[in-house]
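Read the single chain below, which is given as structure tokens and is the form predicted alone.
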Amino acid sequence: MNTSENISPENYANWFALYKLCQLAKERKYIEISSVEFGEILGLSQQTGSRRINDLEQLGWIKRKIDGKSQKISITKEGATIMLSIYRELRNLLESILIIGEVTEGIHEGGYYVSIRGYFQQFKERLGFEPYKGTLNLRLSDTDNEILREKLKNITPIIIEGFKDLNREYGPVKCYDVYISRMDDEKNKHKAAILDIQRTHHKENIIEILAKPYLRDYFNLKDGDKLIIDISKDKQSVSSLS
């Protein structure tokens, strides 16, 4: 059976039905569910719920054992392969979506952390550049913020270790390699890093960007200008002043 043919638009309804069954099954070998119950889960009639189950069985995505009025349904290897294919398609789509940040005035919190000697030395050693002692603050939309956070889950952060001095204890900080560019000059990408401070007074949708130059001057930025945040693996024709 050709997997690519089965993730065609003609099978959209069947994808969703399979997805709902997988949600119900999770780690169980099978689920026991009636056509009425499945129709309700899909927000459809009992007849349509029954038809979806029949279609999935004919496609080979599920196996069904009927015992009187009940039926036991299990996801087949082919069904699991289809779900994996859909996951890969969605992941590739997610990775291709541009994340846009709007330049905004900060509260100088990032600059404070960057200037602390115990952090600054580690930034130089682990990020591959000596950062400007300040950060560029970018405001993300709710959607862009959710996409960014989802992408970062799949990236190993650069850990800046915590330390103590005579006055206080400083916790660890996570950083993520990124490249940023103006929306009107996407090819001129510059290496930078997201500074992910756990204890921050910023609102959730504000991120702080570390880089070697003063980015407002480098990109000729003013509040309200928009930058592309690129965390993809392919970094071609990148500007680097490190």
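A residue's number is simply how far along the shown sequence it sits, counting from 1. It should be emphasised that the depicted structure is a prediction, and the values quoted were computed from it without experimental measurement. We call the rigid core the largest set of C-alpha positions that still match within 1.5 Å between the two forms.
One more form of this protein should be noted, the form predicted together with the DNA, which is absent from this view; the next part is about it.
- None of 122, 74, 145, 71 but one reaches within 4.5 angstroms of the DNA in the predicted bound form through a heavy atom, and that residue is 71.
- The listed set 33, 197, 41, 59 contains one residue whose heavy atoms approach the DNA in the predicted bound form to within 4.5 Å, identified as 33.
- In plain terms, the part of the chain that comes close to the DNA in the predicted bound form, with a heavy atom within 4.5 Å, is 47 to 55 out of 169 to 177, 189 to 197, 209 to 217, 47 to 55.
- Taking non-hydrogen atoms only, residue 66 approaches the DNA to within 4.5 angstroms in the predicted bound form.
- Once both forms are overlaid on the rigid core, the distance between the two CA positions of residue 62 between the shown form and the other one is 2 angstroms or more.
- After superposition on the rigid core, the Cα atom of residue 190 is displaced by less than 2 Å between the shown form and the other one.
- Relative to the superposed rigid core, the position of the CA of residue 40 differs between the shown form and the other one by 2 Å or more.
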